[in-house]
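What follows is one chain in structure tokens, specifically the form predicted on its own.
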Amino acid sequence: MIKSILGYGITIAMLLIILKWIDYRLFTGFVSLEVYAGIIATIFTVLGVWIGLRLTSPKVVTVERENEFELDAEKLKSHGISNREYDVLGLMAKGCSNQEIADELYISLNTVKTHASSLFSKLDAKRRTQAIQQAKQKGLLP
């Protein structure tokens, strides 16, 4: 952070020195007004492009995960769980309500209840917590 502040401060100081030197040259008559205006326009154009690129450049954030969970599609098939049912199961595991699941997946509340009921029978569970526990034991959830 301090490096950035010092870098910007030094850059601005150098630009001011250059501008004052050009201003002095204009005052003494060594440089015409057109050249002076062109130099200033060029300096501010370059400065504007540089600042614009610095402000709009994408910030890359790297996140390392220790235990990345990968689901095997064969496990879903072996238990007879569809992809949509698996989506519902994943949102259940996150603690979402039926209405929140419906909103997230753009399906009706009755469809969520149907998927949940189907999951309960396929996972041999009576409640959400049992279904999530069974899914974790069978390797369907991390």
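A quick note: this is a predicted structure, and the numbers were derived from the prediction, not measured. From 1 onward, residues are counted along the sequence shown.
One more form of this protein should be noted, the form predicted together with the DNA, which is absent from this view; the next part is about it.
For the residues S108, T28, S78, S32, the 4.5 Å heavy atom test against the DNA in the model of the complex is passed only by S108. In the model of the complex, none of the heavy atoms of K20 sits within 4.5 Å of a heavy atom of the DNA. Shown alone here, T42 lies farther than 4.5 Å from the DNA in the model of the complex, counting heavy atoms only. Using a 4.5 Å cut-off on any heavy atom, the residues of 110-142 that reach the DNA in the model of the complex are, in sequence order, N110, T111, K113, T114, H115, S117, F120, K126, R127, R128.
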